[in-house]
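Only one chain is shown below, in structure tokens, and it's the form predicted alone.
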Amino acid sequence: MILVGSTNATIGFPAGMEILRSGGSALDAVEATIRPVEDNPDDRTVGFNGYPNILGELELDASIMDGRTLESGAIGALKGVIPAISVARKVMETLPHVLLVGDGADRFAKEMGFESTEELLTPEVKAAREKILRQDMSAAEFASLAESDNLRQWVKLATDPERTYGTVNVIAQDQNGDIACGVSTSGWAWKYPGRLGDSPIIGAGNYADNRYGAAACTGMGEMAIRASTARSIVLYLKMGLSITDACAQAMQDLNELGGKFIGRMNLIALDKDGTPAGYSSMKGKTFVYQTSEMETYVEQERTLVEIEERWG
């Protein structure tokens, strides 16, 4: 039994490990590990108090996948409800669909009994948004931003490539060998309203298959979508590559992408035998894992595979 996660997942590791040790499912462990991260106001990349879109609206994305059945559920641009990972799981368990977005996701969350949260952002995050936007626009332009017919240009100016990679990733394997994977994020800071990254896209930011393993990504989600990164790692495992070779090849696939906007990427993975791995295009980045025999988690540096960045 093992939990693997991005470093910000450690706040939820005790809950996830308790479930695994008591004989619970990998799916339950993934959800339980991610929920505390979504509730953490100090994490500006996930759930409550995450960085909002350019209009100051918090839009949440999440997905969860069952490696035993290959069933999955996801939500995108969810507003007003914090346990995004739990809403995504309800999509998987109660609907014939995989992905709900926008108003549909909001409606479904309420239908499933999730209560709206009145205040989603602290004054500090609101002030951070105003500070960065006011670098390029007047007070009048800031006040009327919602009515702007040139929002796309403001997004380009406000875009911060340093804040495109925040997400929580969690993979779990339970006593039955079942694997599950979950991802949750508030998305790219100051993004265009309605933007979805890789987190709610099965095959891009999240994929799990008991027969081979699982993978999850955090970084510039547009890249993982274009390269189907999470699914690629699992496919490379299916082809017989080791976990290290599978991850390295997926990172190289990202490095070979063309286009004007190429940024940073992190990923975690687990093979069917319970071997964890973490990779990054940034030096010094870490991931965490913990087996049921370990008293606490181990934080390990990710293997570096450089990606040539370019911006605009």
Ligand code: ASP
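Sequential numbering from 1, following the sequence displayed. Predicted model only: the values in this text are computed from it and were never measured.
We do not show the form predicted together with the named molecule, though everything after this point is about it.
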Point to revise | 4.5 Å heavy atom contact, Gly197 to the named molecule in the predicted bound form | key: yes
Review point. Tyr212: heavy atom within 4.5 Å of the named molecule in the predicted bound form?
Key: no
Exercise for review: Using the partner position in the predicted bound form, report whether Trp188 sits within 4.5 Å of the named molecule, counting heavy atoms only.
Suggested key: yes
Review point. According to a 4.5 angstroms non-hydrogen atom cut-off, is Ala227 in contact with the named molecule in the predicted bound form?
Key: no
Exercise for review: Flag this candidate site as yes only if Gly166, Thr218 and Gly221 all have a heavy atom within 4.5 Å of the named molecule in the predicted bound form; otherwise mark no.
Suggested key: yes
Point to revise | Stretch in contact in the predicted bound form with the named molecule, which is absent here, among 70 to 78, 179 to 187, 100 to 108, 86 to 94 (heavy atoms within 4.5 Å) | key: 179 to 187
